[in-house]
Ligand SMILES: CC(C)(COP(=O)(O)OP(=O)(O)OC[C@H]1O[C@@H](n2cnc3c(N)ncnc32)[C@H](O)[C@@H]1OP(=O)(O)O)[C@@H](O)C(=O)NCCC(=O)NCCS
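Taking the form predicted alone, here's one chain by itself in structure tokens.
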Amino acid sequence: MFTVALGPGRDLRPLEVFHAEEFARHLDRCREHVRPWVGPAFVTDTVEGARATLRRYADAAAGDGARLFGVWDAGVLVGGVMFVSFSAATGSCELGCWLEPAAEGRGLVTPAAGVLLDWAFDDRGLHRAEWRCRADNVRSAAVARRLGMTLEGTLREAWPYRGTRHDQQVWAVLATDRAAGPGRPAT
């Protein structure tokens, strides 16, 4: 389909149903690491579960909704970024991300999410992009900050995980914020 270079040997491309086996192997490497931070339906334990997740996103993309993109480093799927939600009708979307532990701190997520923001605002004409994360997910909040997003608030006890409810932050950036310049993604 397409590949966007994120740096030498690093690229962003759609994560599609035919990647199910590779996605399942990737989840084997990061399942417990990402489970506290992503929705429970995303993290699966089998190739069939991985295929179902990818099919769900493919179906949503076909309806101009949510989309899933993988980040490959040296030819290995190490994480990704997504439109958790996408609505051209309302002019808004929500972005998210995940990474294997070994890929953290290597400058992969911010530029990948920046590609999605550019497409949403510049190509599709959306007005608002959100980023939601557990309040204790410092790395995720740092990505939102680097993308030029503003912390708009905290939803108290909105994120249930293993019997405990966690606060969730809501970050956002508007197309008009980015047009001014400072909201462009940092590298």
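A residue's number is simply how far along the shown sequence it sits, counting from 1. Just so we're clear, the structure is a prediction, and the values are computed from it rather than from any experiment.
Just so it is clear, the following notes concern the form predicted in complex with the ligand, a form of the same protein that is not shown.
Comment: 33-41 is the region of 33-41, 51-59, 149-157, 114-122 lying near the ligand in the predicted bound form, near meaning a non-hydrogen atom within 4.5 Å. Proximity of V109 to the ligand in the predicted bound form: non-hydrogen atoms within 4.5 Å are present. C97 belongs to the set of residues with a heavy atom inside 4.5 Å of the ligand in the predicted bound form. With a 4.5 Å cutoff on heavy atoms, R139 counts as touching the ligand in the predicted bound form. Within 4.5 Å of any heavy atom of the ligand in the predicted bound form lies no heavy atom of G75. Contact annotation for 46-76: no residue has a non-hydrogen atom within 4.5 angstroms of the ligand in the predicted bound form.
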